[in-house]
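What follows is one chain in structure tokens, specifically the form predicted alone.
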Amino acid sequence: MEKHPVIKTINGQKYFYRFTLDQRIQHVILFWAVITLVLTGMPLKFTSAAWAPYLYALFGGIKAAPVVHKIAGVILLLLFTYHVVYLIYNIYKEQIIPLKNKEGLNALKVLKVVATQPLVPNLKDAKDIGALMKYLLYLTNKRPDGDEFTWKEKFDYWAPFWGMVVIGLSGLIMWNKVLATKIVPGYVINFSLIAHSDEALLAALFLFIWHWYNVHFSTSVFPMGTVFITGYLSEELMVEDHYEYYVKVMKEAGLEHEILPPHGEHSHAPQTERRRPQEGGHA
């Protein structure tokens, strides 16, 4: 199991550990597979567009592009399967087994473990959305303090699950229409074509607008967020987006005296009033 400091300091700036190497590799495979699928699939949806034949030609045209598309689709389905197994294995190993050894298990306890996973939406997310709306409408000057994962990140995470079911199943049906018609009615083929095409367009728009803006193009991280590469998030972004979790981690590390105020207020404080961390890492 990989060991990394929860907080490390580089050139006086704290960074907080967010994603394991395994998770970062999964993310790299995911975005390469999805981008390849978009680039090889959209020219078929928009065949009359001027750019379509040129983009399709980059992947070998009608002979090679479908093969590239199918290979990327298989990789994505395998990744999805691996990720589900990865989740089940880690929850079972790190939470279910210790709970079983300590208190014993029943269905209610297992359900509670699943329901309290960091990426499962909860009541706080609903409250944070409401608080954000009040902030944006100038009804309050206080932004919501995010936890380990914000409601936007949870939306980012769960949206592909729906997409994998729709795009994955419809893609498999269209891959072998003859076999599919032996299992499902023929009209399902037409439905699959529509569902695959439209859901793929929705996924592409979600990726290139919502996701890329939040993680790369917003003013806080432009021109690119690096947490998906390094696994670490800067203290500035932790304070801005994950303040509740930031305070918890800082206290666990024994750094209560270095906790910054929420949402950038520290940036207006005189330099002499700000405690500068020493070089090195904190476990």
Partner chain sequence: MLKKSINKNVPAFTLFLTLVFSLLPASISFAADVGNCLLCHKYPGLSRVDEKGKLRLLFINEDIFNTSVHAKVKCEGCHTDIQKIPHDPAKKVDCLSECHITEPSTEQKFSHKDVETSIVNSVHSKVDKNGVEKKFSEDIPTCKECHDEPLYRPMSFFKTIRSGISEEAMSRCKSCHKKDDFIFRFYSHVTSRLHRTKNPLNIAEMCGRCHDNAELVARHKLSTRAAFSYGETFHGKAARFLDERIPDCLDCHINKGESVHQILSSTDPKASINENNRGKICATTDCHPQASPRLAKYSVHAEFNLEQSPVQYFFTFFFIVLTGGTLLPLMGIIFLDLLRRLFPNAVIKRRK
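Quick caveat, the model's predicted, so the values are computed rather than measured. Residue numbers count along the first chain shown, from 1.
There is another form of the same protein, the form predicted together with its partner chain; it is not shown, and what comes next is about it.
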Scan K124, R143, K100, K109 and let me know which has any heavy atom within 4.5 Å of its partner chain in the model of the complex. R143
Select from the listed residues A115, M133, L78, V84 the one whose heavy atoms reach within 4.5 Å of its partner chain in the model of the complex. M133
Counting only non-hydrogen atoms, choose the one of 115 to 123, 100 to 108, 180 to 188, 84 to 92 that falls within 4.5 Å of its partner chain in the model of the complex. 180 to 188
With the partner left out here, check for me: in the model of the complex, does some heavy atom of A52 sit within 4.5 Å of its partner chain? yes
Non-hydrogen atom contact E148 with its partner chain in the model of the complex at 4.5 angstroms: no
So, in the model of the complex, is K45 in contact with its partner chain at a 4.5 angstroms heavy atom limit? yes
Is H257 close enough to its partner chain in the model of the complex to count, meaning some heavy atom within 4.5 Å? no
Looking at its partner chain in the model of the complex, do all three of D198, L202 and I209 come within 4.5 Å of it through at least one heavy atom? yes
Going through 212 to 233, which residues have a heavy atom within 4.5 Å of its partner chain in the model of the complex? Please give them in sequence order. Y213, S218, T219, S220
